[in-house]
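One chain follows as structure tokens, the form predicted alone.
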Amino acid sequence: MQARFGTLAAVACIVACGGGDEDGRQVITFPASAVGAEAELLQEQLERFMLERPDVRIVRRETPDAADQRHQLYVQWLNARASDPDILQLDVIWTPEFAAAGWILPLDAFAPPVSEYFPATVAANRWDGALYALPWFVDVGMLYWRTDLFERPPASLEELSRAAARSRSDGTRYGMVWQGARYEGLVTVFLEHLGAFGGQIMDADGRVVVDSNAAVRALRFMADEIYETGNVPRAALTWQEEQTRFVFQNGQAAFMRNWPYAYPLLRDSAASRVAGRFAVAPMPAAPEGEPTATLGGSQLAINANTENPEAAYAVIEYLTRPEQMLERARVVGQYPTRPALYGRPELARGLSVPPDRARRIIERAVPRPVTPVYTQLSQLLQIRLHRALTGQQEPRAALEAAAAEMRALLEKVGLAPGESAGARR
């Protein structure tokens, strides 16, 4: 019902607004959450923009906070070719999907300063060589480690495994916890292990390579940590982010893979037994790979049917300026997508994670495969990863099956390597 109401509201605005108001101002609609500190900050920033640009009026559209519900609502609006909302807030994995569907505008004509952003955040927002969104704030996977148990974070996966085992011998219930339930979080954990062994899900040419020897070694390492060393509990195969956080927060684990949101919660001495006794680092790597952090975050794009593209871009440009990002970090703790800001003293007062440490992790960020059918590919991969980790399939057989299914999907939708750009569209 909420999604249907949103569609009707969009259509009503097309009729009523027509891209402008009675005073001749350009009207830009912006979908966002209506509650919390983030909503209040956004409203303040948009009001300041309107003071700077009195010829533009911004109207906010309430949208669900849940990503899947927001995605569904966007698809309804954009399939109807609605010009409202003018600006879209996208999850990092949605940009190629929306770009390939013709739902959002390429931004290169506006000459955005792409060199000022973390390279991974820009790469995630390109499709067919064009830039379709600007990174608003960034999220990355991190390794949380106990400073009361270890003098420094592990420098390799082998060292991580040894340290996790040693902590269990010393009385810690679990050596390592990560998100192992069959959902998107499992793919993000696998991607970090995959990079640690030098592997990829898809290569730069769009070929599925998730059945490589490096990928098999990565998945086998994850399985061995459950069944051979016992460092990761079998219960983790049903856990998502919050279950792992509670275990680490209660002092039951020596290491945890999670996102930055957990950091301020773990610092709360009223609720956390590890407050003041943990730090974060990049996930370590095997000798043949590199420390890897899965990229997350939010992007801003322009509806391809907007009646005011220049004004819409002006709003995006304003919201992604350094001063707005610094304020967003201070007020709601979201991480800037501009590396130059990580040397600013005001950022240290805003982020819970020390900025230099956060930057070192973000510099290791890797996007998930940039493809319009990422969600479908991920669902196929989730099934096979979970089967391997629950002992239903051997890692190699699981990944070979996943790769075959993923290649068949790409072939079916015309995205197999060698397809022309026109076919991809």
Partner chain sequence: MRDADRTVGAESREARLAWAFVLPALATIFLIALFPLAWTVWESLHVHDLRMPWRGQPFVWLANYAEAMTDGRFWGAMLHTAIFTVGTVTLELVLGLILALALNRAYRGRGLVRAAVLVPWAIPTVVAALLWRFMFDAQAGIANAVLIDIGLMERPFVWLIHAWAAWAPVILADVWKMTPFVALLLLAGLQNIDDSLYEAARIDGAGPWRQFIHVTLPLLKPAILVALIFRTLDAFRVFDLIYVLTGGGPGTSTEPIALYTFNALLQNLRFGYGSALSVIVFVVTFGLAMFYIRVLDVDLTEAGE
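Positions refer to the first chain, counted from 1. Being a predicted model, the structure only gives us computed values, none of them experimental.
This next part talks about the form predicted together with the partner chain, which is not shown.
Check your understanding: So which of Val114, Ala275, Ala101, Ala165 gets a non-hydrogen atom within 4.5 Å of the partner chain in the predicted bound form?
Key -> Only one option qualifies, and that one is Ala101.
Check your understanding: Among the candidate residues Arg60, His386, Arg48, Arg357, which is the single one with a non-hydrogen atom no more than 4.5 Å from the partner chain in the predicted bound form?
Key -> Of the candidates Arg60, His386, Arg48, Arg357, His386 is the one lying within 4.5 Å of the partner chain in the predicted bound form.
**Study point:** Triple contact flag Tyr174, Thr375 and Gln379 to the partner chain in the predicted bound form, non-hydrogen atom at 4.5 angstroms
**Key:** The answer is yes; Tyr174, Thr375 and Gln379 each reach the partner chain.
Review point. Which one, 143 to 151, 187 to 195, 316 to 324, 166 to 174, holds residues whose non-hydrogen atoms are within 4.5 Å of the partner chain in the predicted bound form?
Key: Going through the listed ranges, the match is 166 to 174.
Exercise for review: Decide whether Ala404 counts as a contact residue for the partner chain in the predicted bound form under a heavy atom distance cut-off of 4.5 Å.
Suggested key: Looking in the predicted bound form, residue contacts with the partner chain do not include Ala404, since no heavy atom lies within 4.5 Å.
Review point. Using 4.5 Å between non-hydrogen atoms, is Tyr132 touching the partner chain in the predicted bound form?
Key: Close contact is absent here: in the predicted bound form, Tyr132 is far from the partner chain, nothing within 4.5 Å, heavy atoms only.
Exercise for review: Classify Ala416 as contacting or not contacting the partner chain in the predicted bound form by the rule of any non-hydrogen atom within 4.5 angstroms, answering yes or no.
Suggested key: It does not: once the partner chain is placed as it appears in the predicted bound form, Ala416 has no heavy atom within 4.5 Å of it.
**Study point:** Residue contact check: Ser33 to the partner chain in the predicted bound form, 4.5 Å heavy atom
**Key:** Although the partner chain is absent here, Ser33 would stay clear of it in the predicted bound form, with no heavy atoms inside 4.5 Å.
Review point. Which of the residues spanning 202 to 238 lie within 4.5 Å of the partner chain in the predicted bound form, based on heavy atoms?
Key: In sequence order, Tyr227, Arg234, Ala235, Leu237, Thr238 come within 4.5 Å of the partner.
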